[in-house]
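Taking the form predicted alone, here's one chain by itself in structure tokens.
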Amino acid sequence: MRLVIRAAEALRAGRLIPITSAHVDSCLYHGEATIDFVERLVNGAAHVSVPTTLNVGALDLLHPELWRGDARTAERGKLLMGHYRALGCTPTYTCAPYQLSFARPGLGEQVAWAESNAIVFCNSVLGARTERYGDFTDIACAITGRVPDAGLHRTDARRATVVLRLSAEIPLPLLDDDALYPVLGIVLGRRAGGRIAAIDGLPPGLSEDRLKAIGAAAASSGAVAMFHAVGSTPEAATLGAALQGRAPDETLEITLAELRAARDELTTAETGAPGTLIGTVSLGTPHASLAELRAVERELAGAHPAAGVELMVSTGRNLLAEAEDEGLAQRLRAQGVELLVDTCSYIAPVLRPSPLPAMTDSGKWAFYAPGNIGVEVIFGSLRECVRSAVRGSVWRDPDLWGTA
């Protein structure tokens, strides 16, 4: 409670308010301080007072053979993950708790969520209300069942103050392709920073996977905790609703040239041109939905990754169980796909060592993997990634982004 009160003081909140659920990031091992903290809670017989899901941990508990790091880090990471179960948290170990029916808060519900993409999705797509809770504060809120009445918990703070308007030159086929949305998220993060933006000019009724891709990338390139997509997110049925009836502080145009430049910057390898050899394809950051797992199978069309190419897809253990129930997981494995749960391949040493670059369809993975795990990255759409895995070298859709 002292931690929650100190947070309230820092946010200048006048009171605490109750929450209905929490999502905790503190179960990811970052050193012995993370163990020390949770052991104080466990030894003090603490227990969460609201339903609480867990973010990814350091390793895949269901497939420990995928771990390629040192044994002590694995042991400490596993211990930490177990301690949070002892506090009464549900062992979901996913960065996408919103994909679980039992973990989705409703419109206007007050919650305490950690993990950057989960926070953005919670506020933007579900319309539930959370601030950006970090390690230790997240579990403190889950135990006390209270958060400061400040920031995005309040209606006035959720108003868009900047409008990002898509240029009319952006071709309709690109607007209808999944490849656009992580790139748009990178631009959103850079343009908005910590402000709340309303994106105008997108097709209405965007899928949750596309909104997920926007939010995850935006929270990587900027301090984005919420955005509005006019015609798609629940507090933005119209641009006026997103602005809460007021004028924006600024209206900015997003051009096709800016999107192409952001796309190109996500490739850190010397070249991402067609024919470039690759060693790895990593999909599922944030964790892949069932629709995305089915898309991988559809793009493989019975083929296997080329010799020496690893095709890894990360997902949540609950969704993996659903995929196994329908036979999807078994079919993917039979086609050479490695399925990773409980962790993410840009933070854990799970990929096979390769001197060749890795390819991904995730703006977040492309943004963090070079610094986190030391790989060179080539960015592409899911279709480009899967077909490249089969060829063993980069394949590009020549019509996707136009001629530039």
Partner chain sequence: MNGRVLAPGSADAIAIVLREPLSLWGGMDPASGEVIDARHPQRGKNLAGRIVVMPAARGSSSSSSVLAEAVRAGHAPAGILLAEADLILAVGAAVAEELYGVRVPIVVVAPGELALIADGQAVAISEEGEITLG
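Residue numbers count along the first chain shown, from 1. Quantities reported herein were computed from a predicted structural model and do not represent experimental measurements.
Just so it is clear, the following notes concern the form predicted together with its partner chain, a form of the same protein that is not shown.
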Check each of Gly240, Gly134, Pro234, Pro91 and return the one that places a heavy atom within 4.5 angstroms of its partner chain in the model of the complex. Gly134
Identify which of Thr268, Thr276, Asn318, Ser289 has a heavy atom within 4.5 Å of its partner chain in the model of the complex; exactly one of them does. Thr268
Report yes if all three of Leu66, Glu310 and Asp397 come within 4.5 Å of its partner chain in the model of the complex by some heavy atom, otherwise no. no
Since only the chain is shown here, I'm wondering whether Ser220 would be in contact with its partner chain in the model of the complex (any heavy atom pair within 4.5 Å). yes
Please run the contact check for Asn372 against its partner chain in the model of the complex: heavy atoms, 4.5 angstroms, yes or no? yes
Going by a heavy atom distance of 4.5 Å, is Pro355 a contact of its partner chain in the model of the complex? no
Answer for Ala45 alone: is it within 4.5 Å of its partner chain in the model of the complex, judged on heavy atom distances? no
I need the one stretch from 176 to 184, 302 to 310, 126 to 134, 247 to 255 whose residues put non-hydrogen atoms within 4.5 angstroms of its partner chain in the model of the complex. 126 to 134
Across 328 to 358, which residues bring a heavy atom to within 4.5 Å of its partner chain in the model of the complex? Tyr346, Ile347
